[in-house]
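Shown here is one chain on its own, the form predicted alone, set out as structure tokens.
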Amino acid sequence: MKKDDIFYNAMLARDPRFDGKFFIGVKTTGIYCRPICPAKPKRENVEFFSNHLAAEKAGYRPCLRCRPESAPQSPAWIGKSALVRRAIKMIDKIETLEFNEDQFAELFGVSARHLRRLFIEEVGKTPKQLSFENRLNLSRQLISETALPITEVAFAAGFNSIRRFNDAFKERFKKSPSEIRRKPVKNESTLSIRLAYRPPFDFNGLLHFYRSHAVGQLEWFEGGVMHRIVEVNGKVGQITLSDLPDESCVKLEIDFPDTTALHTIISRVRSLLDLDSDPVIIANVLETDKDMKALLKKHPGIRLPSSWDPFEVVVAAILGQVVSVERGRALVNDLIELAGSDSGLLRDGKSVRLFPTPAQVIKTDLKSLKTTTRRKETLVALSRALINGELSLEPTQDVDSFVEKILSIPGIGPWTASYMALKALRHTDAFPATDLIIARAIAEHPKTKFESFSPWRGYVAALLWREYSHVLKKTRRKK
């Protein structure tokens, strides 16, 4: 069967596993849709595109019904070069509407002119145009799914001028914001947004991990719901996450005092839950091994757990060295109480403290923290390296360079560096083979060639932790 025929059948079935992996251009209307769109155009009237940018480059405009900008993202499918792919990931994380092309290009060691040329060749748009469209896409999602006033939507998208926002919105979507508005305007403190993913999705596995690694009083769980206190640009709020499997999306409820932080919050939640992962692609590689196929069948839709902030991961990795998960979590909690600042929020009548910043770690007297002097010195050295710009936790950087730099900090060995690359940088090929549980799991599968799972070995690590962490705990209790 030809690839286009597979795409057409997936479109007819509205198969959510293909959501974001291709788009359908409808020749008779000039719009392009997601595979889950209810529209059913005839085969001779459609053509297929590997990403939404290719569809727009061909002259199609986004469908108002299925909203292609709401599909799970797939930066890996966009652009031919690693440089463009890294840059696109970075664009998704930019927090302001203002875009300095020279400063952006410097992040990748190239000139703005060279980066623009690469983008035009591979994507059809400049980095600045792409960043601008991301903001407009966010605004349409907020208008369609929330009761937020249009003015607040414009601010959330980074616009300071309503007239400029209205003009830009109509230019992109061919309709004004008020024409797309579905819900009556209300000044509600909590916003509810749906974030799509490709099934299967192991939401329970993620919750199990985050529950067992809960960060101080900042995270708590009620049944299948996760709550988290978050801080963005000095302001504090709360998010709530729950799974809606019948709709293949996560419900994100946001209670935050500043709507301009919405883009950052949504971006971080997508990383926190690994919502842009493609389980079919990963399964195709892992299922070449009989044992991994059996594990994947037991835990379908495995995702990479991470954290709200990468600094939380690296600190937890240092404090968790050579101690149990419970002891490591207790040490993280002690550090938060010692060095973190007051969030201004209460839980069970007690003030909740925020996770400390690198600057707060350096300024704090860590004598009362019940860990080794060596680990305290490592925490301080790491924090200082981050403040001085000698080290970055930015996920788009070169991973080998990051590992080389982090290993130069006394007290950080290969396991910790590999763990940080996996959890903080979200490098899908990182594989901490010397981890206690991973090493035990490898021994259980002597015939498995783990190097053959590249570039998805990080998901293998997540799968082994998911399967064997419980077994290891039982063994310890027995001893």
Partner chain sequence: MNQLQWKMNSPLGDLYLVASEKGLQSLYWKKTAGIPLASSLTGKDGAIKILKQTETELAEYFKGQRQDFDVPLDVTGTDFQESVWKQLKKIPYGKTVSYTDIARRIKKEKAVRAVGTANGKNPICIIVPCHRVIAASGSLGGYSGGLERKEALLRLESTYF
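This structure is a prediction, so every number in the text was calculated from the model and none was measured. Residue numbers count along the first chain shown, from 1.
The form predicted in complex with its partner chain exists for this protein as well; it is not shown, and the discussion that follows is about that form.
### Task
Just give me the single entry in Ile387, Leu345, Val225, Leu107 that has a non-hydrogen atom within 4.5 angstroms of its partner chain in the predicted bound form.
Of the candidates Ile387, Leu345, Val225, Leu107, Leu345 is the one lying within 4.5 Å of its partner chain in the predicted bound form.
### Task
Check each of Ala71, Ile229, Leu273, Val361 and return the one that places a heavy atom within 4.5 angstroms of its partner chain in the predicted bound form.
For this set of options, the contacting one is Ile229.
### Query
Mind checking whether each of Pro38, Ser144 and Ser178 has a heavy atom within 4.5 Å of its partner chain in the predicted bound form?
No, the candidate spot makes no contact with its partner chain.
### Stretch in contact, per heavy atom within 4.5 angstroms of its partner chain in the predicted bound form, of 278-286, 348-356, 322-330, 156-164
Result of the contact check: 348-356.
### Message
If we define contact as a non-hydrogen atom of the residue within 4.5 angstroms of the partner, is Gln238 a contact of its partner chain in the predicted bound form?
### Response
Contact with its partner chain, yes.
### Task
Using the partner position in the predicted bound form, report whether Phe221 sits within 4.5 Å of its partner chain, counting heavy atoms only.
So Phe221 does not count as contacting its partner chain.
### Message
Asp255 versus its partner chain, in the predicted bound form: is there a non-hydrogen atom within 4.5 Å?
### Response
The answer is yes: Asp255 has a heavy atom within 4.5 Å of its partner chain.
#### Entry: in the predicted bound form, Ser368 touching its partner chain (heavy atom, 4.5 Å)
No, Ser368 sits far enough from its partner chain in the predicted bound form that none of its heavy atoms falls within 4.5 Å.
### Task
Heavy atoms within 4.5 Å of its partner chain in the predicted bound form is the criterion; list the residues of 124-148 that meet it.
Contacts from 124-148: none.
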